[in-house]
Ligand code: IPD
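Quick setup: one chain, the form predicted on its own, written in structure tokens, and binding and motion questions come after.
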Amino acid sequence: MEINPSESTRMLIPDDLLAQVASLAQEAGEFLLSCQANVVANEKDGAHNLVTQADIDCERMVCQRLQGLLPGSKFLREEEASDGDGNSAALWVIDPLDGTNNFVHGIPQFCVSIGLALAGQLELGVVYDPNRRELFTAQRGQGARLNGQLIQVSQRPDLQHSVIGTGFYYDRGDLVTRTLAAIQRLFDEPIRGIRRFGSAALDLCWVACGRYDGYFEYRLGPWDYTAGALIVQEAGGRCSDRDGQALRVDSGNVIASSPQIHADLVRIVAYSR
């Protein structure tokens, strides 16, 4: 996320691109809702890692439309083969259904997440929660918004007054053990509370609008956090990787919070502890 895109790359971006991507995310979210009553889940590599035909169909629709909005762009996506990486000149990072387990079980906590990186630097992010009709958007240097209104991260002064979100990767071994140990350290701090709702993209957006004070997860796909990370940053928050280093498109993990608690949160939950 630290590499500046060239001016020639930036000139490819239409002025109304964010609005068009936001409209597409809303359309995709409504499509997901229309599919939920008849959802059939398939297991990827275990009973806890699911995919549905809605994931696949939604991703195909979104990618086709995004290619039309920005011809020649590449894709990093969850369900089907990717053709780009963090060094691509223009890279869409797509999660068509973040929170598939929730979706399958009828839990109203899932979303569509679309991020755009230019030569490794995040340019825009859109996350749409169709259950609450909440649209989170951000473009670099222009702030973050929820349904068109500017948002900012929490102003709570310290961890003692904070609620922290987290998540668990599909691996039920060492990652779970480390996450539970980090939760114990947070409670020892102490903090106000821990939440685990099962959609990383929405967790990040909830940091951005101040519902959470921070969030961490030790392993994620880039599609889980790319859009949400920009929304946090544009809302005045900070994002790093799981060891407190600069977050990249390919980091595969994230710690996000308000600025006033970020150093303490990293100190307590850093993976390298």
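One rule holds for the numbers: they count along the sequence shown, beginning at 1. All values derive from a computational prediction rather than experimental measurement.
Below: the form predicted in complex with the ligand, not depicted.
- Taking the partner from the other structure, the ligand in the predicted bound form has a heavy atom within 4.5 Å of a heavy atom of residue 78.
- Although the partner is absent here, residue 234 lies well away from the ligand in the predicted bound form, with no heavy atom inside 4.5 Å.
- Taking the partner from the other structure, the ligand in the predicted bound form has no heavy atom within 4.5 Å of any heavy atom of residue 63.
- With a 4.5 Å cutoff on heavy atoms, residue 198 counts as touching the ligand in the predicted bound form.
- Annotation: in the predicted bound form, residues 167, 219 and 224 each come within 4.5 Å of the ligand through at least one heavy atom.
- In short, of 90-98, 67-75, 182-190, 133-141 it is 90-98 that has heavy atoms within 4.5 Å of the ligand in the predicted bound form.
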